[in-house]
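One chain is shown next in structure tokens, namely the form predicted on its own.
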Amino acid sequence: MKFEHKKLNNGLNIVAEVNKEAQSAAIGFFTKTGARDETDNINGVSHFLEHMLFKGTDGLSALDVNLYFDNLGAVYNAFTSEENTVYYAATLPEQFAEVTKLWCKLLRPSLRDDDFNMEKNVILEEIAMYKDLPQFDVMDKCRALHFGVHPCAKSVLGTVESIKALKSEQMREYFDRRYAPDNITATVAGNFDFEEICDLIEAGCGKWPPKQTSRKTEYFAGTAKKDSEKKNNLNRLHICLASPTVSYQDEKCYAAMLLAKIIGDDSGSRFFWELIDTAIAETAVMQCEAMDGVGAFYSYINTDAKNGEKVMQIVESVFQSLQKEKISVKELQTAKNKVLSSITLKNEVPMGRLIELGFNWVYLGKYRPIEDEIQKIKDVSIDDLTALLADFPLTQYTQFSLGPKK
């Protein structure tokens, strides 16, 4: 595999990993904008724009866009997070140039009022749908409680109030400001001709004016607050915990990733043996979310309401034991095996490699080959985990619970 990089005159970066042995190629446009870059009155606009790009351009309708991708046999989609909006597609090498040209067009959409007004109802339905999913709802509310006044507290979907009040002019202003070429990274992976793809991207995107977009990346330790809510339509208790950890830019993020596996992997972890294997909870998992300048561990537990107090006693016991005694060599090696398997399997295909390649450039501004990722995980020691726990005690967590009224 060969790494390639080109920066256009307007600041748009093209990063690529060429693999002539691959049977497909994938492209993604990583736009460094998400919920944390919004103000309260336009909360949800990043996700709104994700929808709007599929509505087409002055020369392409929404139907045209769908037919175009389908005729090319492309696997395509987009996603929005607190920090990024990513548009991607994967297809056969012989169709790849056409897919690239299509995305270059779509990244300058028409943003029609008629489409805006229709999509507003779609997004309000999406918010209502996720409100009916307690796992999503409890994690969204826990994130907001944990981050408090920090920008990462904002919901990716926005609120019913913010979406209803959003004006098409506000959306267009946000698009002009954030979808600047110097805030976008075009990422390519798989079997393709780098010079050809660069020429296509430059032809399609090279005249976009730069904006010098920025973002505040201040660290935040979390509020450590506790709150709860009861709902009529729930039969189970859903608990989310959040505690601070390192950012994506910190080398200790590998230790944080492994620690989350040791504590809350869906099989063979401490949560698994203490809560799942004993039939006290149905779900008990932990994930590490390393972000731009800040990070958080999130734990999610689904249990019978009558077990709530017992669950939290066990969780406290697990967290306290980690502070008092070292993690075993076996636990660490098992976690490494799981993470290494996951990373290797994902990166074997261009679509999986695309995400790693893009985020490493967005967050770090550099290329990191898969071999380096693997070595950094292998190099994590028990002392590294001990030091991480000393700096970020898991016992200092924010908690939000959703449970039944009865």
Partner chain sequence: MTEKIDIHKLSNGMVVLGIPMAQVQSAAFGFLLPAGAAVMPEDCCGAPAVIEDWIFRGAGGRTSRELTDLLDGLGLHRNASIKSKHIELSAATEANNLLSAIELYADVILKPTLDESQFEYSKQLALHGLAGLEDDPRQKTSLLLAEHFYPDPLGRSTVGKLEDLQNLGAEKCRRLISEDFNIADTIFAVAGKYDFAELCSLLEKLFASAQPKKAIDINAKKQILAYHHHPHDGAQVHIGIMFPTVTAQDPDYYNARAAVAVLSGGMSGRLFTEVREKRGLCYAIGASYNSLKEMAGIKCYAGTTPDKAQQTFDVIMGEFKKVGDQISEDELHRAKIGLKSSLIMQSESTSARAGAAGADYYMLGRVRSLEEIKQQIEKVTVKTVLDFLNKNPFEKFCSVTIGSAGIKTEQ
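From a predicted model like this one, the values you see are computed outputs, not experimental measurements. Positions refer to the first chain, counted from 1.
Heads up, the form predicted in complex with its partner chain isn't pictured, but that's what we're talking about next.
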Interface check vs its partner chain in the model of the complex: of A165, V329, A221, A128, the one with a heavy atom inside 4.5 Å is A128
None of R36, R353, K55, K32 but one has a heavy atom within 4.5 Å of its partner chain in the model of the complex; the exception is K55
With a 4.5 Å heavy atom cut-off to its partner chain in the model of the complex, the contacting stretch among 285 to 293, 240 to 248, 320 to 328, 76 to 84 is 76 to 84
Any of the heavy atoms of Q23 lying within 4.5 Å of its partner chain in the model of the complex?
-> yes
Looking at the partner-bound form in the model of the complex, is D132 within 4.5 Å of its partner chain by any heavy atom?
-> yes
Quick one: does G268 come within 4.5 Å of its partner chain in the model of the complex, counting heavy atoms only?
-> yes
Do S110 and its partner chain share at least one heavy atom pair within 4.5 Å in the model of the complex?
-> no
Does the trio T100, I201 and E229 actually contact its partner chain in the model of the complex, every residue with a heavy atom within 4.5 Å?
-> no
Quick one: which residues from 215 to 237 get a non-hydrogen atom within 4.5 Å of its partner chain in the model of the complex?
-> N232, N233, L234, N235, R236
